[in-house]
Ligand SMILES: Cc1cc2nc3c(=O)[nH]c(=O)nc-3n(C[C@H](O)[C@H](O)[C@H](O)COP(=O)(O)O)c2cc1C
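Take a look at this single chain, the form predicted alone, given in structure tokens.
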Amino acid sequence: MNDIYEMMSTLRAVRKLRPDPIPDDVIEQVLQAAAWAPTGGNMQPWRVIVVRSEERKQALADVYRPAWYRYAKGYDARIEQLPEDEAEKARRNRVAGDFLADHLQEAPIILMFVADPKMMAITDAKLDRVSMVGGGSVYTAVQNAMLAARTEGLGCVLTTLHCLAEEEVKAALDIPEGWATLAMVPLGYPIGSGHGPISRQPASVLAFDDAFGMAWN
């Protein structure tokens, strides 16, 4: 069995996917992993739509493509401010992002995670800031699904740009009123190497000891 730490430390955003079909039992493993995720009050307020038809995948691609290219203009501007070694990596990510935008409809599966806010334990709803807690009852399932996909040799990436045209997405997938879209995850076998070592800040930077700002180790 693959080591969970290896899976977490090599879970790259894989945007170049082959159109080859994914066996049903593999998809079932991914969905079951999502179902095991913890949620506030154990309410499981989310559902996931396994998008497989050419028509509906194309509808999602038609929403995602222009949203990506609008976003990419700002991404390009940020690249120009980076040191050359970081800029080169960012340019490769941009190329991969373009590939996903141009070929999203060819992914064999697109997972669309949706949720009913009325079922969520949103304890920060009345605070004077953007609410964040509700998403915690969905993104646990998204992460579980992505780790399972990694374990099964599938490429995957978490995207949210579709939210910029949510009404079109809801119409395309027959999502009822009152439900929100939270994550779109294309799945497929990778083109090229796929997953591998990732670049993240270490725990010594992200973790504090006992109080905010107190260095951990």
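Residues carry their position along the shown sequence, with the first being 1. Just so you know, these numbers come straight off a predicted model, no measurement behind them.
Omitted here: the form predicted together with the ligand. The next part is about that form.
- None of T39, T151, T159, T181 but one reaches within 4.5 angstroms of the ligand in the predicted bound form through a heavy atom, and that residue is T159.
- Using a 4.5 Å cutoff between non-hydrogen atoms, R91 does not count as a contact of the ligand in the predicted bound form.
- I22 falls outside the set of residues with a heavy atom inside 4.5 Å of the ligand in the predicted bound form.
- Shown alone here, Y189 lies farther than 4.5 Å from the ligand in the predicted bound form, counting heavy atoms only.
- Only one listed stretch (168-176, 25-33, 45-53, 62-70) carries heavy atoms within 4.5 Å of the ligand in the predicted bound form, and that stretch is 62-70.
- Contact annotation for 11-26: residues with any non-hydrogen atom within 4.5 angstroms of the ligand in the predicted bound form are L11, R12, A13, R15, listed in sequence order.
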